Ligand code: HEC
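Coming up is one lone chain in structure tokens, specifically the form predicted on its own.
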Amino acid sequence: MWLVIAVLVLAIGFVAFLEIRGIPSYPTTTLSLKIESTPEKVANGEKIAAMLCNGCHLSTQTNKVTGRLMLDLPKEFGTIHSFNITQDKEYGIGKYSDAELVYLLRTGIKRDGSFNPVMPKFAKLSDYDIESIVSYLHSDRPEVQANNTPNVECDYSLLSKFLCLVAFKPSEYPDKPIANPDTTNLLAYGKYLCVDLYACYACHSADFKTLDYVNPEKSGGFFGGGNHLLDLEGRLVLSANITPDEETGIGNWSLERFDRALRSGLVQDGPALRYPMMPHARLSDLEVKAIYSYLKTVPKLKNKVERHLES
């Protein structure tokens, strides 16, 4: 009986520790960095944001990246709101220097040391792509102009707080420059797009809780699908298996069939793709070919995923 009481006390103590600790903060690092913005970088950053950042931060109420309630995240992580990333100096990123934004994008650590556990970390993104995102955020594009919509604090669940102990941690800041990928090497370029830039594996692996952001290939069910996502009405959507398994993945898909699904959302002999998977119309022919080529090389996983909505 005393053993049971001791275990119970320890469990209660651990839960209390997680609640009190909450989402941890981390030391910040002062970088010596100033980005030279160019029209080419702004255009590249706008494209990346349209396919990546805007899905979380763009508000239909303001038509700016003022943040929103993340209805598509699993409820087990809590009630999560994305933040205002307009140029507003009080609620947005108006006070962030180039270096502070780069550090946030690469590590997930804000200028005050607070940590965002659910935001993707871009530790392996090329310097040019990182500089492009920052150039875009500091540009004259209408959606990033200052808007004083206040942020809504996230109500993280106990599970999220626990995962911050074991999995959801800042990424290491790169210790050397990162060059652009070699676009003539389709496999390397495709891996860069799928893993480092757009992080397709995060949704298309088995579960957010078993993702390995440091070594993505070690994530549970890497690209095998079945991850529980939500549409904007809170209905369950299972991510697709996009490994080259012939029976349950895309092993038998031609490049043309893959292209149609990825850029138009149209799936052969099935319903069209639906939120949170949106058509990526801005991908170039080369990018689609590279993504397709890389996915054909990932380990096959036999995992049949039913393509239907559940309440």
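Everything numeric here is computed off the predicted structure, so don't read it as measured data. From 1 onward, residues are counted along the sequence shown.
What follows is about the form predicted together with heme C, which we do not show.
*How about F122: is it within 4.5 Å of heme C in the predicted complex, going by heavy atoms?*
Yes, contact at 4.5 Å.
*Given that the partner is absent here, does T149 sit within 4.5 Å of heme C in the predicted complex, heavy atoms only?*
T149 lies outside the contact set for heme C.
*Residue contact check: M277 to heme C in the predicted complex, 4.5 Å heavy atom*: It does: once heme C is placed as it appears in the predicted complex, M277 has a heavy atom within 4.5 Å of it.
*Using the partner position in the predicted complex, report whether K89 sits within 4.5 Å of heme C, counting heavy atoms only.*
Although heme C is absent here, K89 would stay clear of it in the predicted complex, with no heavy atoms inside 4.5 Å.
*Verify the flagged residues I35, L186 and Y192 against heme C in the predicted complex: is each one within 4.5 Å by a non-hydrogen atom?*
No, none of I35, L186 and Y192 comes within 4.5 Å of heme C in the predicted complex.
*Just one of 138-146, 229-237, 214-222, 165-173 has heavy atoms within 4.5 Å of heme C in the predicted complex; which?*
Only one stretch qualifies here: 229-237.
*Name the single residue among I178, A99, C200, A206 that comes within 4.5 Å of heme C in the predicted complex, judging by heavy atoms.*
Comparing distances to heme C in the predicted complex, the residue within 4.5 Å is C200.
*Could you list which residues of 258-287 come within 4.5 Å of heme C in the predicted complex, counting heavy atoms only?*
Going through 258-287 in order - heavy atoms within 4.5 Å of heme C in the predicted complex - the hits are F258, A261, L262, V267, A272, L273, R274, P276, M277, H280.
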